[in-house]
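This document opens with one chain alone, in structure tokens, the form predicted on its own.
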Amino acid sequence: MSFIVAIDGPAGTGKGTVTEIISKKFKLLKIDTGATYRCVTLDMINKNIGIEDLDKIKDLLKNIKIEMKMVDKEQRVFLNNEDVTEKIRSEEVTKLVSQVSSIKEVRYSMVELQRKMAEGKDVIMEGRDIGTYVFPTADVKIYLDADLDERAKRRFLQYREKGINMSYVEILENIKKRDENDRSKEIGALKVAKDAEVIDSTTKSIKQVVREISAIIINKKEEIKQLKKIYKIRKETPWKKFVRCIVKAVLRTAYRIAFRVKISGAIPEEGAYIICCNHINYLDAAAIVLFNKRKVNFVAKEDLFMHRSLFWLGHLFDAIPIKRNMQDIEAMKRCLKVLKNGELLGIFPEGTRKGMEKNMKAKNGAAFMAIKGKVKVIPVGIHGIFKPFSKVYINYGKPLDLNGYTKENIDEATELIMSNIKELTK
């Protein structure tokens, strides 16, 4: 798997400099997306192709060759086998590149190229739309910003060092126009990704910005490391079965002492089923798991696995971690595998505790799994206050056959499940 850092933001915020430092610090392949658009722009200038010559631009894109190579420990940009690292930063290219990058065909072609460059690699990419369009699932998203005047000042000093003769006023107006154009693009517009970390570099040094981004990357790497442990599937072994049997017996005894459990109905001794119950307390899932002879693979939010004891118990009882408020494909696959193996799958359709009490709309996940896996749903109603020595009632209903329901009327299937659960909670 690759690790992707996306750094977005307007011109003059220090993205290039910061990206260069971070790439070396964390040994990430640096892909300058802006350079790819500059290469197209330079190629158009060399071949006298205008912005309006769409057919010629399409032909150019079919044959263009853009590469980024390390030469004497420095990354250089090559256009059709020529080193154009300096040429693509010329005044002529700079004035035209924003318009070129707005052309749909250019945008699609360069995004495809950028994604190919990043395949299977740990990379850092900087541009305008990396976190929103090119890599919307990037591991780390940074939006680097700064005041307009400060950005123009930085670019003026940068150009003066490179011998580019542009006045401060010209640069300021150029950046203004570029900002307007970048923010109004139909595809890949400059904007802050919802899950991006915004860093204002106006009054910060490069070292300070690098320090902030480094901390974010380190924390994310630790989080990914932890998530890998959470999602790792532990094989079923005789020892694991033995330990689970002992732990289950001990916890069941403790549960009986703490609560006077009353159970009505039962789960069939064989076959795949989805157990759907209301969720009123952190301990209600434990009641379903502990007071059934068969193993119940419950779906649980990944946050629970962050606690050491729950992490161990989750893997011992084969709980399935799931990312909430998003479509977790990996969790879905594991759920369907459980059903395919003829096992029991436990799901809380409410998605959160006391969902029915809060009049929240139930999730369609359970109904989807039942339809997809072609299995019946067993509704369960749980009632109790879960205080020491109080009564907890667990009522199992008759299996519901969702045969005949499809994705089109999945809301109706979910409503059927929930109405049965409500009846069983009375």
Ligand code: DC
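Nothing here was measured: the structure is a model prediction, and the numbers come from that model. Residue numbers run from 1 along the displayed sequence.
Below, we refer to the form predicted in complex with the ligand, which is not included among the displayed structures.
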Within 4.5 Å, heavy atoms only, one stretch in 181 to 189, 139 to 147, 285 to 293, 313 to 321 touches the ligand in the predicted bound form. Which? 181 to 189
Answer option from 279, 334, 151, 89, heavy atom within 4.5 Å of the ligand in the predicted bound form: 89
Among the candidate residues 381, 34, 384, 365, which is the single one with a non-hydrogen atom no more than 4.5 Å from the ligand in the predicted bound form? 34
Going by a heavy atom distance of 4.5 Å, is residue 328 a contact of the ligand in the predicted bound form? no
Residue 344: touches the ligand in the predicted bound form, heavy atom cutoff 4.5 angstroms: no
Is residue 98 close enough to the ligand in the predicted bound form to count, meaning some heavy atom within 4.5 Å? yes
Is residue 129 close enough to the ligand in the predicted bound form to count, meaning some heavy atom within 4.5 Å? yes
